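Below sits a lone chain in structure tokens, taken as the form predicted on its own.
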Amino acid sequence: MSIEAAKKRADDFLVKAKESAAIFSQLSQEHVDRIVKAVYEAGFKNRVKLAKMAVKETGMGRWEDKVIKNVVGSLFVYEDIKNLKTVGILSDDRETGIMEIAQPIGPILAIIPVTNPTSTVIFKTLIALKARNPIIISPHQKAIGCCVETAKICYEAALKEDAPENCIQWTREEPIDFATFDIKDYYAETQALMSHPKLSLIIATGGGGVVKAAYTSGTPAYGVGSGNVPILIDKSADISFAVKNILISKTFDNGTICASEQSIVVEQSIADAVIKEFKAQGGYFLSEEEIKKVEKVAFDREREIMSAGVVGQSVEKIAQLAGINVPAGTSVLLAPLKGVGDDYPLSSEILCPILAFYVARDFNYAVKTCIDLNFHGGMGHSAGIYANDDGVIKEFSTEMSAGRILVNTPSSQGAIGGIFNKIHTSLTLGCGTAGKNITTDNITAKHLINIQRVARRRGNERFSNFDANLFYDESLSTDEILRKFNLNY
């Protein structure tokens, strides 16, 4: 596909999206809420069908867990945003004279990851429509079929509630024939969409390359960062509870959520007890020789990222690829490591049932190890601690560079919110400036509106005797000027 052809396709999408946006901006809150409810209900109704489609097409994860992801992306997101006001006057403070009015931002491009395809389509569609913005779905090349089917289901439901035509569009119609597929065409089209002058915002969920492309496109963007989530088990923790919850999270959809645990750090005094508990609950500790074999299949040293071949795969599949034998019923592979960084590939983010395992001398060294892991590849994302000592929890939290600190909580389910805590339910997790994002928030509908502020004229009593000539008089000291305004600092 030539650059000109890619631009032409992008222009076709954006012309339709702008026309849709013009109509959308005129809808009432009640009308918008009817549309959003209908879309949620359609996504929820098709949760099993879409989950099975996603696993079949991508070859990643477990359909049973993708059902739950679809429930989160539809029901849980809807419950979180259904009462949010996104149309008209949001507030009117008569004392300050400031009135806030919600305005839609316009067409949104949604980049969809291969790891959570259908749930992310539902989620991003719901929050975009709630804020009266048309959305263009750009699916990962290996998840086009399931993403398009999800988008169609959402679009048909929206139209039944008189949503604007083309409020939901998708960039591809059919799954790709990889025998003839040229990835350059895909990149050209995506780049043309990202940089189109009529596009208002990009929500980029996926690998570092696509997020960077979004940020350098010239269009405002919400992005994500890598997870590499460290988990500290403190000596005050309930060890059995901690291990159980870690496994609930790390085995969920074979570890494809970016907030899933990547490393476990324990204090020396409880290491033996933690190891015993992991083994009792199905964890398998790799030998040094086995670690080397797993490294070769789990981490791409040339590209310095996780290998695509293990993402979302089962323990059995990973063991087979690595040429190692593990007991039947093994839930997760644990790799005891002595360091963090390039010399220890399994200390990096790897989205599958593999956990790095560290034993630290004491709590301070445990925190230091978590910080090292955080800096190695998960700045700003998430971290977790199992502890029943509030002082320990506070100390850990203040030391970590993470947008979400999950306490005594499975990190996969905890970070996305709505299940184990009151964080906004989201499948796009901001990592703040540490992770090269603009916010540490869980992105939701409130991030997709422009707030217009109407400022009525109001006098400021503290400057009622304002005289500009005071500021021209160089003979007056700062204190003398402040006293004129009855200000004391």
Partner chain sequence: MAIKCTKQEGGKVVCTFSGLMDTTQCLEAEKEVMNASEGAEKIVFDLNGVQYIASSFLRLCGKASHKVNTGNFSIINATQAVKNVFTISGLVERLNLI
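Positions refer to the first chain, counted from 1. Predicted model only: the values in this text are computed from it and were never measured.
In what follows, reference is made to the form predicted in complex with the partner chain, a form of this protein that is not presented.
Practice task
Tell me the stretch among 26-34, 416-424, 58-66, 447-455 that has any heavy atom within 4.5 angstroms of the partner chain in the predicted complex.
Solution key: Among the candidates, contact is made by 26-34.
Problem - Contact of P164 with the partner chain in the predicted complex (heavy atom, 4.5 Å) - result: So P164 counts as contacting the partner chain.
Practice task
Indicate whether R9 is a 4.5 Å heavy atom neighbour of the partner chain in the predicted complex.
Solution key: Although the partner chain is absent here, R9 would stay clear of it in the predicted complex, with no heavy atoms inside 4.5 Å.
Exercise for the section: Using a 4.5 Å heavy atom cut-off, state whether A22 contacts the partner chain in the predicted complex. Expected result: Yes, A22 lies within 4.5 Å of the partner chain in the predicted complex.
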